[in-house]
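You are given structure tokens for the same protein chain in two forms, set apart as structure 1 and structure 2.
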Structure 1
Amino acid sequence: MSGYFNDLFSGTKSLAVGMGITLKYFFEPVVTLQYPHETLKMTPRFRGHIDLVKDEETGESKCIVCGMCQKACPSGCITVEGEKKEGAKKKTLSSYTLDFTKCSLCGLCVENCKPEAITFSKDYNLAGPSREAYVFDLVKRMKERCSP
């Protein structure tokens, strides 16, 4: 019979401890965000997919089509193409494609870019219906992002 009362006492004690913890957190502020209406503030060190950096003087990309980002990428997710226009001394960027489904966000492409033409974006909640939605044309994205 004493085992019965022991179990009853220890059960009541554990219930009181649990209810005390629940009561403590009941009066603290809510930390849950209401997602579609509220979003998290990204930290400055957040690394999303890469984006091209716009040259303020020319209005074009800073990319000089050296291909160092493409060579440094261990995933092989970057494709850079350029063309030499008539009368120009250097190549100009015609296509910069990123296959984000393969990207491991290692940052080697950003480190190896000497003219600092690429940087990490702050996009964190990407959603798409298919894999093709994650193959980005970064030249097109830069023009859309920078146009008024």
Structure 2
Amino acid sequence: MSGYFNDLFSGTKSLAVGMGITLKYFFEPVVTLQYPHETLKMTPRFRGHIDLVKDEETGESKCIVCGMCQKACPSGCITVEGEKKEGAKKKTLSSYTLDFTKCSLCGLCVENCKPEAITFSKDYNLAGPSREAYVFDLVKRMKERCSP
């Protein structure tokens, strides 16, 4: 019999405590961010899709077309093409295509790039009407980024 009343009182008390907690939080300020109106700044190490880095001296990409990134990528989303210009010693980058639909943001490409020619972008607002919209021409993106 005492167990019966114990159950009754401890049960009721636990319920009351619960109500108290939710009421307390009801009056506390909200913790969410109102996303499209407010946005967060991504941390410096945030891994977005990759982007080419511009060489400040030449204004061109730092890429030396060694193809290491392409080889390292587990998903095969990078295609690098270079050409040897007349009289130049080294190859220069002609196209750099990233198929972002397959990218797993693992960072192996960035890690394997000796001249540090690629970095992670801080883009996260990505939306597109088709799959093809995610096949990025990174050379073009770099040019657009640099000429405001």
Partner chain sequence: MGNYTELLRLLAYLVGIIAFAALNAAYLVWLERKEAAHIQRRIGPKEVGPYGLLQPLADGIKLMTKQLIVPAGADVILFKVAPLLILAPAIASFVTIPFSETLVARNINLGLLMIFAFASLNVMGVLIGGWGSNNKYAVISAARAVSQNVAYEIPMLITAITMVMVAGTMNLNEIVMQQPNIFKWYIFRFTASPLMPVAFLIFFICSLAETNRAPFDMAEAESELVAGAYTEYSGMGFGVFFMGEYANVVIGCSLATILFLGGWQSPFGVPADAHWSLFLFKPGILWFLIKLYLLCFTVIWVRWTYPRTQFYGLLNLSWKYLIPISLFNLLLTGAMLKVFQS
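Along the sequence of structure 1, residues get numbers from 1 upward. Everything numeric in this text was worked out from a predicted model, so none of it was measured. Each form is matched to the other, and the largest set of C-alpha atoms that superpose within 1.5 Å is called the rigid core.
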Matching the form predicted in complex with its partner chain against both blocks gives structure 2
Rounded to the whole degree, the smaller rigid unit turns between structures 1 and 2 by 31
How much does the C-alpha of Leu8 move between structures 1 and 2, in Å, given a rigid core overlay? 10.9
Please report, in Å, how much the Cα atom of Lys24 moves between structures 1 and 2 when the rigid core is superposed. 2.5
